[in-house]
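First structure 1, then structure 2: two forms of the same chain, each alone, as structure tokens.
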Structure 1
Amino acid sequence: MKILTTVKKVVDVELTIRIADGAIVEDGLQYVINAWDENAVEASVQLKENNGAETTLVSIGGGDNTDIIRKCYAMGIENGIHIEDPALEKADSSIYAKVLQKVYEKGDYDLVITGKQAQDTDSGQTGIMLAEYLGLPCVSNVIAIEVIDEQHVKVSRLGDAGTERVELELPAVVTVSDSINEPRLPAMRGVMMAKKKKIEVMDLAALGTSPEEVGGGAPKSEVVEFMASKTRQSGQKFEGNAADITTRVVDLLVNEAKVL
């Protein structure tokens, strides 16, 4: 089984992100592997360890994406592809999916594993769009993957009414939830070996496509403005006897909050 795993580089949302003039202030930003994609990497590595799968990772972005790919090498991914092209600077989910379609078609993969969503946009569209462009079956929000044989896998997904079990004929696409596993911390030996491994760097021409073919000149969606979320007002603290406090709280709920 050949597995293609997708990884996106995102802003570390654990840090303070500043907004100025409707844009994110780039100074001081740090970038990390998208959390859901890290779960996808772990799922792929487990399939390699338990079922002998061949694992390949693809990441789209600038030169510093190589650090992301090398971390995935240290986790156990075997092959890495870095797609770097200036035409993809403002790519949206649809364009990313078109590029990934070209990567898939060059590699003849059996299973594509992506994160359910990206922690910077939270759109959750790329993996599902990729499946549509490829004409492949797709299951989203997956929390378990079980190999039945060379042509079939059984997956569990979190549905609205509980856990759903779906059998898929390969090739197929799955997008995984962060509930599927706990990503491993790379061992020092893996980190050192990852520094020496080759990364295949490609632009759109090397993929056999062009900015026009993947829609690079006309994204279907665009972020027009970032707005800082409103800060939560501090609550009120009441002191005194219970009867007086109850009277004051009820008065505020009726006349100010208007919830009673």
Structure 2
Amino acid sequence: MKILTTVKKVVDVELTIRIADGAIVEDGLQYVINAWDENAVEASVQLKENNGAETTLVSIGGGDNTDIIRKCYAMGIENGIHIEDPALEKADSSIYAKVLQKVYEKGDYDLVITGKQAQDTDSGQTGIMLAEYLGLPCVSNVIAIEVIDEQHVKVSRLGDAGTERVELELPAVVTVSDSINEPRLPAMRGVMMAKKKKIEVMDLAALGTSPEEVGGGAPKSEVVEFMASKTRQSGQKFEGNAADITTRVVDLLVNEAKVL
């Protein structure tokens, strides 16, 4: 089985994000691998270990992605492709999906695993659109993948009515939730080995496509302004005798907040 995993470099969401003049202030930001993509990498490596598979990752944009790609190598991914092109600067999900389509078509993959969304946009569209463009079956928000045979996997998805168990005919695309696994910490040996591995860096031309073909110059939507989100003010915090402060808070909930 050949597995393609997508990996995006995103801003570290744990750090403070500042906004000035409608844009995010670059100063002080740090970049990391998208958490859900880390779940996708872990899922791919587990399939490799348990069922035998060849694992490839692709990362689009982000500038120097050496660190995050090496981290995935250290986790067990075997091949890495990095697509970097100035025409992708304003890419929306649909453009990412079209680029991924090209990557997929070059590689003859059986299964594509993406994170269910990227932490910088929280959009959750790219993997599903990729499947749509390729005409492949797709299940999103997946929490388990089980190989049935060469042509089929069974996945569990968290849906609105419960856990759905879906049999997918390969090739297929799945997008995974963080509930699927706990990404491993790479072992020291893996980290050392990862440094020696090659990363295949390509622009759109090398990929056999063009900005026009993937819609590069014409995103269907674009962010025109970033704004601070409404922050909640911290309210009244009570410390001391549990009975006293709890009684006081119940009184406030009833008479001040009027929610009880």
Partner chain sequence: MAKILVVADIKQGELKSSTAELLSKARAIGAETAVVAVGSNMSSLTPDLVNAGSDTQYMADDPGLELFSAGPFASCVVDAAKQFNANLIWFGFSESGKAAAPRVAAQLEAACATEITDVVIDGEQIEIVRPAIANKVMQRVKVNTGQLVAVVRAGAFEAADGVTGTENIVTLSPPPSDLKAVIKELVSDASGEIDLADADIVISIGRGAKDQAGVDLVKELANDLNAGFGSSRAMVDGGFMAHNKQVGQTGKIVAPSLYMAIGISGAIQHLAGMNGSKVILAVNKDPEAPIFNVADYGIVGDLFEVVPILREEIKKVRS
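Shifts are known only where both forms have a C-alpha. Sequence positions of structure 1, starting at 1, serve as the residue numbers. Since the model is a prediction, treat every value here as computed from it, not as a measurement. In this text, rigid core is short for the largest set of C-alphas that superpose within 1.5 Å between two forms.
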item: Of the two forms shown alone, the one predicted in complex with the partner chain; value: 2
item: Whole-degree rotation of one rigid part against the other between the two structures; value: 35
item: Core-aligned Cα shift of Lys237 between the two structures, given in Å; value: 6.5
item: Moved residue ranges in sequence order between the two structures, Cα 2 Å or more, at least 3 long, core fit; value: 233-260
